[in-house]
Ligand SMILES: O=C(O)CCC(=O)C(=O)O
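Presented as structure tokens, the chain that follows is alone, the form predicted alone.
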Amino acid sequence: MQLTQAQINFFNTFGYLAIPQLFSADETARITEGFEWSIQNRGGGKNHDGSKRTMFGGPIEHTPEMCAILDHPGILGLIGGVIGEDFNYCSGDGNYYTGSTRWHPDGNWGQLFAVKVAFYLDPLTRDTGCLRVIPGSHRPDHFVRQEKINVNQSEELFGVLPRDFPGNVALETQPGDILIFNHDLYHAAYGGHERRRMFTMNCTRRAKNPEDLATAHKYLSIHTAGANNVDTGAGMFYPTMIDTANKKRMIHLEQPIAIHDELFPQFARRR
């Protein structure tokens, strides 16, 4: 797929974009099967009892079929359309979600540096845990940031429940829909059952100058397996992601691998 200029404008202005049915029904079924295998066999899903969130790293990195999501033309067009075709893939997380999540951004970079691609594998509405966003809150000049408002205290501050914070948008989804948003965007989820299936891909711009390279080092010093003292056996990514990669996929892997190995040499891939 190729994003239209209107879609790019929307993303840059509001900080997010929703693409309905980017994946076909057959593709969605295969992805759901791959996610379930991964979380059950690699992510602690067999022990999930609904009392708390179950999360694991690299959800698309444990089987060849899931790794191939990074080769999908729709995904490449979507991510490439907002942060450049030579973007860096920087892993992600897979989840059985339980309950609500508070308002938060995933970063405070002050620029379009990192994005999150979110895959929801269950139908979700505003009352059953769909993603909610505050449009424009990725911008440094947004009033939430300018006035340093704690959105999670909106009931005490304004007499409005956090889930009803003025201007927020509930992005209801069906399996096969894809959401992408700027890491700096405030987002949350309210309601929902105790086993909501969702996984993400985090991606950044490719660093091409000293300033971007410094930001990439800072990002990867926080948002990586090594930063969390996790030994994947292959450094930045789990082995299957690298072992099944062709030259086109490696474009999105090579810079994060190099920076991660520099930051965390104790976890570099053992050859």
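Only a predicted model underlies this, so the values are computations on that prediction, with no experimental measurement involved. Sequential numbering from 1, following the sequence displayed.
Just so you know, the form predicted in complex with this ligand exists too; it's not on screen, but the next bit is about it.
Residue contact check for residue 148: none of its heavy atoms lie within 4.5 Å of this ligand in the predicted complex. Under a 4.5 angstroms non-hydrogen atom cutoff, this ligand in the predicted complex lacks residue 174 among its neighbouring residues. Residue contact check for residue 90: none of its heavy atoms lie within 4.5 Å of this ligand in the predicted complex. The closest heavy atom approach of residue 184 to this ligand in the predicted complex falls outside 4.5 Å. Looking at 74 to 82, 155 to 163, 138 to 146, 197 to 205, the stretch with residues near this ligand in the predicted complex, meaning non-hydrogen atoms within 4.5 angstroms, turns out to be 197 to 205.
Site residues 217, 227 and 267 are none of them in contact with this ligand in the predicted complex, judged by any heavy atom within 4.5 Å. Contacts between stretch 1 to 33 and this ligand, counted in the predicted complex as any heavy atom lying within 4.5 Å, involve no residue at all.
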